[in-house]
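The form predicted alone is given below as one chain in structure tokens.
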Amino acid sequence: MLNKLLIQLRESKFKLITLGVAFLLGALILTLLVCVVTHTSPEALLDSLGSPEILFAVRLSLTTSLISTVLCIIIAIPMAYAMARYPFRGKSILNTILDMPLALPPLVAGVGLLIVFGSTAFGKGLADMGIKFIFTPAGIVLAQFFVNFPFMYRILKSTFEGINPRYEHVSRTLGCTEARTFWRVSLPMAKNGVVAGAIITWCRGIGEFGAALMVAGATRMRTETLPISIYLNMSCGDLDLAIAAATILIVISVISLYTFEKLGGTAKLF
């Protein structure tokens, strides 16, 4: 009896310690967010939220992040399916390369994009055809896509790997082609992964800063997304506008994560 009580006590202590660490970190994160939102007065915050600069930053952030997310979805779905289903020589190497933007600092990725699309013959050729990325909103889309694509790819790859191939084999035995099997069986079963990947990719795209700064620059009312707005206004000491942009990003993050948990929470991030 005594041994049983001692075991329960030790388990209770371990439970309290582990949960205590989680609650302490959660309290720290919540404190940081509350401090940002409440750092300025409600009147100043509302005025800043309605300013032309913040409204422009919101529109540009929403537009560029939606475009980059759609591009990530279109490209990641067939690529993730192929990497999950087809064995071939050099697969691990290719998978590592596709995941590389996850490990690269966004600033390094931005420098690489700036060189490729700004200094090389390839980038100059695109510019001659009217396709310009450097210091333009299109550069923001390019930076968001490059940095955030691996998140969409990894989520979908894990999703397709979690689907039992027997469903696809049954579809093939019933006369469906490989492409028809993908559209009628595999893709519908990967719905949660697509939703989860889209939410996370869009949320990260709207908050992308480092790579976008390198490629598109920081020009007010031209390439000013919400993160760029925070950077510009903090640099010049306009704290109210910076807090307004930060508040919008916080609200978007909270809504996105909640939606992710409700709609796509069964999908694996990694």
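Throughout, we count residues from 1 along the sequence that is shown. None of the values given here were measured: they were computed from a predicted structure. Rigid core here is just the name for the largest C-alpha set that superposes within 1.5 Å across the two forms.
Another form, the form predicted together with a further copy of the same chain, is not on view; read the next lines as being about it.
Peer 1: Using a 4.5 Å heavy atom cut-off, state whether L55 contacts a further copy of the same chain in the model of the complex.
Peer 2: L55: no contact with a further copy of the same chain in the model of the complex.
Peer 1: Quick one: is L94 in contact with a further copy of the same chain in the model of the complex, heavy atoms, 4.5 Å cut-off?
Peer 2: Residue-level check for L94: yes, a contact with a further copy of the same chain.
Peer 1: Does any heavy atom of E178 come within 4.5 Å of a heavy atom of a further copy of the same chain in the model of the complex?
Peer 2: Taking the distances in the model of the complex, the answer for E178 is yes, it comes within 4.5 Å of a further copy of the same chain.
Peer 1: Hey, in the model of the complex, is L33 touching a further copy of the same chain, heavy atoms inside 4.5 Å?
Peer 2: Although a further copy of the same chain is absent here, L33 would touch it in the model of the complex, with heavy atoms inside 4.5 Å.
Peer 1: Determine the residues of 86-122 with a heavy atom within 4.5 Å of a further copy of the same chain in the model of the complex and present them in sequence order; the list may be empty.
Peer 2: If the 4.5 Å heavy-atom criterion is applied to a further copy of the same chain in the model of the complex, 86-122 yields Y86, F88, L94, T96, I97, L98, D99, M100, P101, L102, A103, L104, P105, L107, V108, A109, V111, G112, L113, L114, I115, V116, S119, T120.
Peer 1: Does L19 show a Cα shift reaching 2 Å between this form and the one not shown after rigid-core superposition?
Peer 2: Yes; L19 is a residue whose C-alpha shifts (by 2 Å or more) between this form and the one not shown when the cores are overlaid.
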